[in-house]
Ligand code: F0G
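Have a look below at one chain only, the form predicted on its own, in structure tokens format.
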């Protein structure tokens, strides 16, 4: 008899979570102005808002944390992190930051000027926000197939080389500070990018004299999919695949709260010493001195250990199989999601679930609220709310995909929790035809509005 799959860890500590009544949840979401970000965590039973900084650290990470050196300049912890980044990722120069958007801030303050063009594959919210805040323009070059949620493609996060080359041909190199390649492609549903595509993008960047930045929050999950799905990589280790991936990049940014499995931390790394030195000013201005940036020594130690653990196959297999388990449960109930299952989350196709809610009333946000009311489960909208307004016309942008992302925290929930999520979604799906109205915006920021937006039910 073949042995069943089991997690590659055992549990040492638990945290109590509380169930609530529907009446309580109706009051709480109303007080939160129908913004799931505004809910107190105590009001959430299963939290799938994000996998960023919400995972469980290992015993070795906690031990490393206790050995943190909090010296202002030249701390041992900085050199531990430097060694891990060089050994695992292959970059000689880096600046620590408190998280990924801070790394983007340091980098884009250094290289972007007004009117610049940054092509890539479905820039995520903070990336797009930082670009547009500087009055530059992100251009999405993702393959068209990513918009078809029911199409099974192994590397649905890929850049379309023809689209990218059209942009590189159209503008002079001095107007394109970098190409942004996000691995995995979060906005398209946590979909991976193939090694072949990384090579093609790198070759185009070299051909046109443009730097390649890899947005690397979930790079290890991307490497796992390369190993499992791409010809020629089955016998390579995750670390070998990671080294090859980053061998094609000039710059990397990372929110280490994902694949380094820490609660806070990030960095921007460079192949160019000159660019690293140029970026130091913005690190010092916005984050801190270059040997701690926005991080404490203990967090740098935990991050260094997490980079090692997060690039081990057994850990990644356990993580991704849990997301696959949730996908299999949704298949049983006929609930549509972005296929195939991505690495860090399940992305429910809200357009196919709530077919009677007008696009102007934020379909995916409506589905997220309905799921919270059903069972206290908090997801996040990846749709028109996140897409923001056009920076010129100020009209709402309506992307091809309206997705409810259910992010699975690392080493945190059991498959029993996934069963609850699937059953709650089924209950919402079963009454989908009765959900005909969504929400309207009452108050919003001019950029990255989804974090703080205030809503009310549409009438």
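Numbering follows the first chain given and starts at 1. On a predicted model such as this, the values are computed, not experimentally measured, just so you know.
Omitted from view is the form predicted in complex with the ligand, to which the following refers.
May I ask whether 55, 301 and 410 all come within 4.5 angstroms of the ligand in the predicted bound form, judged by heavy atoms?
No, the whole trio is out of contact, none within 4.5 Å by any heavy atom.
Check whether residue 50 has any heavy atom within 4.5 Å of a heavy atom of the ligand in the predicted bound form, and answer yes or no.
Yes, contact at 4.5 Å.
Using the partner position in the predicted bound form, report whether residue 100 sits within 4.5 Å of the ligand, counting heavy atoms only.
Close contact exists here: in the predicted bound form, residue 100 approaches the ligand to within 4.5 Å, heavy atoms only.
Looking at the partner-bound form in the predicted bound form, is residue 104 within 4.5 Å of the ligand by any heavy atom?
Although the ligand is absent here, residue 104 would touch it in the predicted bound form, with heavy atoms inside 4.5 Å.
Any non-hydrogen atom of residue 77 within 4.5 angstroms of the ligand in the predicted bound form:
No, residue 77 is distant from the partner.
Please name which of the stretches 329-337, 178-186, 237-245, 289-297 has residues with heavy atoms lying within 4.5 Å of the ligand in the predicted bound form.
This holds for exactly one stretch, 178-186.
Can you pick the one in 257, 82, 378, 227 that has a heavy atom within 4.5 Å of the ligand in the predicted bound form?
It is 257 that has a heavy atom within 4.5 Å of the partner.
What is the one choice in 126, 311, 142, 194 with a heavy atom within 4.5 Å of the ligand in the predicted bound form?
Answer to the contact question: 126.
Contacts with the ligand in the predicted bound form - residues in 389-417 whose heavy atoms fall within 4.5 Å:
If the 4.5 Å heavy-atom criterion is applied to the ligand in the predicted bound form, 389-417 yields only 405.
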